[in-house]
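Take a look at this single chain, the form predicted alone, given in structure tokens.
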Amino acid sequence: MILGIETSCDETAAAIVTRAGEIGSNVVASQAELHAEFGGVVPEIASRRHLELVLPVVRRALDDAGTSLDEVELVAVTRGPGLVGALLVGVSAAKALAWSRRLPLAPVDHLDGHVASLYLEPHPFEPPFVCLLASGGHTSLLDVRSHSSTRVLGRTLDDAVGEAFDKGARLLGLGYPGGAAIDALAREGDPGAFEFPVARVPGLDFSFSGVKTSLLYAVRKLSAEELDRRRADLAASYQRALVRALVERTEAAAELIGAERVAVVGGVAANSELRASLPWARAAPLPLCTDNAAMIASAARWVEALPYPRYLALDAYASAA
């Protein structure tokens, strides 16, 4: 049994996963309502809430799986990237649990975890493939050659696409998290009503700061009454622009390296238009798109675990290498 812990942003999560990739439990305590009044995650508030939730969530994961710490053979934890204060809560908890049972500890990169969500039962998706990783903090195109070998083909040069969704939702007066709010409202609008160009940068990189500015200008041109009347059209057009950029770059990456298979992971992989625009790609199961601990435990199966007590010096890191 592998106990996974994830606290990189505003979800406190724990899961039990077997070495074969079977999910015994996957518990996620979201802080979305806590941060909604601020329109985004407040790092200090997130860290304090993780402190309150991490052990109850671990206990719930063990109970849901019908197991105990006595049966856990490996502890896995997100080491980074993410909010460093939030990460340190998870890392400290994982160290304490592993040390108390003299267990090894596997430090997992959060982005590797998203990719490893594809490797879980009952329908594992095996490498090689091109992977679009689209989330609130990251947007990357990856050449996944094996479970432990990944090459970055392209990444965002500024905002992540999930961040662009959140900021767009704020401009439209919608709730947090913004991606889900825009996705829901866009179903009522006309995606061709407005033109929001997305910057085309060299290679396979992304840039989303310009399209966010375009939405800002479009909103400013409308009166309060017009904005209320055309909010759904704005949401649909903005979403279409973001999704089109993701799809075009993903298809270009697959063609460039001759990949026959494509996967989509991360929180934005739950977006209905993105999933519909890449019907031939394997998308992560909806419960595994947003941050969760099952994906961290899954990735730990291909990470060199640190033996007791070497991991006591383990630190977190905020940014990807």
Partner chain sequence: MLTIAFDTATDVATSALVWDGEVLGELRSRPVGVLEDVDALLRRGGVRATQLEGIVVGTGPGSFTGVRMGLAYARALSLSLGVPVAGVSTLAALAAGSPGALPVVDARRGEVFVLDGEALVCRPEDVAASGRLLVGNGAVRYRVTFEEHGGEVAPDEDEAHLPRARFHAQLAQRFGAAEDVEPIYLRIPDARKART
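Just so it is clear, the model here is predicted, and its values are computed rather than measured. Numbering follows the first chain given and starts at 1.
The discussion below concerns the form predicted together with the partner chain, not included here.
Heavy atoms of W99 reach within 4.5 Å of the partner chain in the predicted bound form, making it an interface residue. The shortest heavy atom separation between A259 and the partner chain in the predicted bound form exceeds 4.5 Å. The shortest heavy atom separation between R275 and the partner chain in the predicted bound form exceeds 4.5 Å. Taking non-hydrogen atoms only, V58 approaches the partner chain to within 4.5 angstroms in the predicted bound form.
A heavy atom within 4.5 Å of the partner chain in the predicted bound form is found for exactly one of A93, L185, A160, A106: A93.
Only one of L51, A252, A32, A29 comes within 4.5 Å of the partner chain in the predicted bound form through a heavy atom, and that residue is L51. Using a 4.5 angstroms heavy atom cutoff to the partner chain in the predicted bound form, all of L88, Y308 and L314 count as contacting. Note that among 276-284, 289-297, 262-270, 38-46, the stretch whose heavy atoms approach the partner chain to within 4.5 Å in the predicted bound form is 38-46.
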